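Take a look at this one chain, the form predicted alone, written out in structure tokens.
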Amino acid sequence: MTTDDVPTCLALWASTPGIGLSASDDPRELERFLARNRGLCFVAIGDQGEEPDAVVDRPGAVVATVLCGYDGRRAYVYHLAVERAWRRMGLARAIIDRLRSALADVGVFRVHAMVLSNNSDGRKAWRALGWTFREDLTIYSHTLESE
């Protein structure tokens, strides 16, 4: 994913039920996130004539996305989204496999996916990808006031 992809990614996320957008999804914030997590955020392009499961790193017709941040110890996945017309073609698996490879390259062995609890499609997708639901974790958030 590049900064050129941000507007198309935002449009996909805004049109995908279960993807929660916040102030952290402002284009400038996403550009900072991409700069900090180079090589860990991906898009799948659905250009006409292309194989639907091709995962590439260039601007175009974004049909799937994944954001991933790494804190030096663990990685966190956000905004796995696939355009409805492109679902059930292996894109989520392909993009997550690409991410897993990139994480292995930087030595990450543990990764968590952030999924809204009311996102039933997202929860099913992560289970289908072989990820484990953690009943022992709860996340608390706090927004820092800007000075």
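Sequential numbering from 1, following the sequence displayed. Being a predicted model, the structure only gives us computed values, none of them experimental.
Keep in mind that the form predicted together with a small molecule is not shown, yet the notes after this line are about it.
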> Taking 4.5 angstroms as the cut-off for heavy atoms, does residue 28 touch the small molecule in the predicted complex?
Replying inline: no
### Query
For residue 80, is any heavy atom within 4.5 Å of the small molecule in the predicted complex, or not?
yes
I'd like to know if residue 128 sits close to the small molecule in the predicted complex, meaning any non-hydrogen atom pair within 4.5 angstroms. yes
Contact test in the predicted complex: residue 90 vs the small molecule, heavy atoms, 4.5 Å
yes
